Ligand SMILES: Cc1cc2nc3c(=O)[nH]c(=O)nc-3n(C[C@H](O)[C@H](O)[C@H](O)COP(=O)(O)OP(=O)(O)OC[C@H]3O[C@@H](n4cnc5c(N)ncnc54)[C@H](O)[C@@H]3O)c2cc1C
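First comes one chain, alone, set out as structure tokens in the form predicted on its own.
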């Protein structure tokens, strides 16, 4: 993040003192602030724009069990037992999310979802995935043919999956955190330093926060807070299109198709939402721009014409948008404690790279624990992993837990 001296000169306040500063007011940050408030902590929630401005408010609003890949691929990547544990965590996350949706009364559609195959190869993979999921105790059903009769392949039904309004849920967390949580927005964070008395000092546009602990819930934007994340998280763009409301229901469930690269749902008002298409434009769909690009939108329209020509005939496309996701290097969320305070290092600058943020090679000078914790890198599944990853982070922040379990960032060091 970067803020000029002129922008910072117009402070609204001098200093705000609290127990914890949470940076990022998406689903992870707002949930973390809420949970900290339940523990009696005084919290500053800092957001560069407005709540749910990033990936949280720009996704398809689908709370699904599982990771980006299907269960068979998860088993191949992580092994049977670890895959089972990871899917169990997404099921736990789903239960937590459902509890809060019910508690706050925010919109949700508990319709279940289909994982749909795009071709025979994926259909065979889903058949194997279903057998393993059933054996491992997950509530699923198998459909050997396309349940929508649209030309897809086989499908796995996950009945507990549901759709929600992620912005409404974020705002509910913030509203129900008062008065323990104070939201500062827009308040772009540009530095975290160690104060003279040993406290952490968060410098943001319009406000300086002094606190004991910091929770980074910054996902794709984490490398802009500290270069520690530069080789761990990459910004990747996702895109969606939305049609005008249809006069009828064309699908009755959420859908996740083509190895997770595309997804669609019909909203309560009848409009049809279709997202994805990145697999054909990987090198272009990167970075922090939240634009809807012509090449990818054309890919989405091609899919809409192929599988839903009746929708194309009936309704126009009324909205298109993009959002920046934080992809971790191994596809799993990252949680832990930053090894140093970003303001306590000796920088050796790298040459400027026009395509990315300015980075520095950091040599830590401060030997004490940083007190800066993080839950980031959700790889397009913040609604599926978010709360349980935040819980792992908060266990370290509040209870001095020694690690973040399966999400612990130190697993990456073991792979080098």
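This structure is a prediction, so every number in the text was calculated from the model and none was measured. Positions refer to the first chain, counted from 1.
One more form of this protein, predicted together with the ligand, exists but is not displayed; see below.
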4.5 Å heavy atom contact with the ligand in the predicted complex for all of 26, 187 and 219: yes
Interface stretch in the predicted complex with the ligand - options 140 to 148, 295 to 303, 221 to 229, 99 to 107, non-hydrogen atom within 4.5 Å: 221 to 229
Residue 389 within 4.5 Å of the ligand in the predicted complex, heavy atoms: no
Contact label in the predicted complex: residue 36 to the ligand, heavy atom within 4.5 Å: no
4.5 Å heavy atom contact, residue 374 and the ligand in the predicted complex: no
Partner proximity in the predicted complex: residue 43 to the ligand, non-hydrogen atom cutoff 4.5 Å: no
Of 153, 336, 323, 277, the one that lies within 4.5 Å of the ligand in the predicted complex (heavy atoms): 323
Interface residues of 53 to 71 toward the ligand, as seen in the predicted complex [heavy atoms, 4.5 Å]: 53, 54, 55, 56, 58, 59, 60, 61, 62
